[in-house]
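Given next, in structure tokens, is a single chain: the form predicted alone.
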């Protein structure tokens, strides 16, 4: 891909939005304002940005439990997302689902799945529905993590996806760890190769290189959309924080974390912009604008009321 300053600025803007959003959610969690657990994607931002910039608003999406960035990039309002994180009535789901189950029908986000691997059969069903309804202009993008790929329903769903020829773009965000267990200690087969067992087009790329993710995703999405066939992309990345907000990740070394921080997708994108002549002041202005957006969203969420209890929900 030829260098395009505006596109790289868009990459930076979207990734930085996710990063600042996640940092603010972490602050809320530390203050005890997040009900239940929350799983953040600090370090993985390029996987959401590079894929979803190629997806249409009319396309469908299934996110992961670590899916705040995916949900923001699909088009959910940042204020409504932030309010949902702390259970407020102004949240996108009325404050009733919190961090791990965000759904937004207005942008065809079918909902994040808190149960690992639950998205696979759902995704095949959605793809089949698109075929049966004749919606040939739409596809489904379905995100999942490396920890889900050793489950039986992963293989069963890939088999059915091939049999039924469903227009589903499966995206594996491989951050190398399923909770505290390294993927390499559970399986010797690279994830993208598993799809080839079922005649499904598959590939992989550096999940911390947003331009590489964007280019590869564009190629595969065009294939899924035109051929009406499933495909899979494995994105190798790394979460530089714990599995959940309060995980101190003792299963990883400081050296490993620091090594991956050097591959930070936001820093890499900034470096490319600066190298190609973008003034630092322009980058700083962009980041300041995003800081204000996230701070305003946090203030909106904090000032919003909690939902009114309705006993009819108990019937």
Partner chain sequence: MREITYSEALREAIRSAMAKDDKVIMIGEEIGQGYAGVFGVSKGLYDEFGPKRIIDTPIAENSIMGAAIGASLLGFKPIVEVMFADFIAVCFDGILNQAAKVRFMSNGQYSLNLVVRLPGGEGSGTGPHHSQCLESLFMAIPGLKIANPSNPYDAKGLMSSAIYANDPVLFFEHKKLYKTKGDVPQEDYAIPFGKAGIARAGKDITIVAHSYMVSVALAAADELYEKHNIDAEVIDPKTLVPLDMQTIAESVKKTSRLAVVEETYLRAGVGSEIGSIVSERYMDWLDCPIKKIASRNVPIPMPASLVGEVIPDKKRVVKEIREMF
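Numbering follows the first chain given and starts at 1. Since the model is a prediction, treat every value here as computed from it, not as a measurement.
Form predicted together with its partner chain: not shown, discussed below.
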Answer option from 113, 90, 109, 240, heavy atom within 4.5 Å of its partner chain in the predicted bound form:
113
Thinking of its partner chain in the predicted bound form, which stretch from 207-215, 131-139, 114-122, 168-176 has heavy atoms inside 4.5 Å of it?
114-122
Just to confirm, residue 101 within 4.5 Å of its partner chain in the predicted bound form by heavy atoms?
yes
If we define contact as a non-hydrogen atom of the residue within 4.5 angstroms of the partner, is residue 96 a contact of its partner chain in the predicted bound form?
yes
Quick one: does residue 235 come within 4.5 Å of its partner chain in the predicted bound form, counting heavy atoms only?
no
Does at least one non-hydrogen atom of residue 158 fall within 4.5 angstroms of its partner chain in the predicted bound form?
no
For the stretch 21-36, which residues lie within 4.5 Å of its partner chain in the predicted bound form by non-hydrogen atom distance?
35, 36
